[in-house]
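Encoded as structure tokens, the following chain is the form predicted alone, with no partner shown.
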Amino acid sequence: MPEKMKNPNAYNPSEQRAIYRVIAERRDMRHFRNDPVAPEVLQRLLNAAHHAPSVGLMQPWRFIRITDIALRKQIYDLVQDERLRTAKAIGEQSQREDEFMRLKVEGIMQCGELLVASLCDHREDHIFGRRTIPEMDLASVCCAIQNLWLAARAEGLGMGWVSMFEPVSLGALLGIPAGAKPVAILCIGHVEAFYQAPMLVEEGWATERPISEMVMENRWKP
């Protein structure tokens, strides 16, 4: 039999394993040490984010680095306010309010670096790729966040995506202009260890569904 053709565009096997490993071992971290993140490492992470794909090359991501401790505390307070509202909503729906309140949902005051990822303003000027699916701007920001996340894991740093905040309040606190919108609070820093499984699985809050339930062929299947 002829030798199996090699794809000349493929990375070598060890590089492939590294890529799949970082994807598999990425975790949404909530527990951090307060050691600082080296400036050159932070710059590498931001560069990785900036290499994300974006529809029409609009690059709608904006990152605000939070270095003021008082401002960090104000962001923490906004998250805690929303945590209480979320707990109440969960309690009304599933009676799991107390269980939810025992979960650690952020590491804002412990992490070495705090970033706020936002959508830029004037996105309506970008039509390419957004005429029928305007949410592609948000999808592009999420790609940048994922790039940053994977790069952080490769650097041995944890990252946690906090979405528990009221966007208008956070936007006002940070002076984000009208038309722009905060998407994520990102906690980045050194950790004692990475979770072996997603934290919500380890805590018994949820279970992961298999990929077989997510992939369909030709038609949507319930």
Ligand SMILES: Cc1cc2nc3c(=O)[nH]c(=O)nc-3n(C[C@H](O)[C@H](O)[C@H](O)COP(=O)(O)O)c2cc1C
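This is a predicted model, so every value here is computed, not measured. Numbers for residues come from their place in the sequence shown, where the first is 1.
Another form, the form predicted in complex with this ligand, is not on view; read the next lines as being about it.
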property	result
Contact residue in the model of the complex, chosen from I66, L173, A154, M164 - any heavy atom within 4.5 Å of this ligand	M164
Listed residue that, although this ligand is not shown, lies within 4.5 Å of it in the model of the complex (heavy atoms), from R62, R44, R33, R26	R26
Region of this chain that lies against this ligand in the model of the complex, out of 174-182, 154-162, 66-74, 52-60 [heavy atom, 4.5 Å]	154-162
Contact test in the model of the complex: L200 vs this ligand, heavy atoms, 4.5 Å	yes
In the model of the complex, V105 touching this ligand (heavy atom, 4.5 Å)	yes
This ligand in the model of the complex - contacting residues of 123-152, heavy atom within 4.5 Å	W149
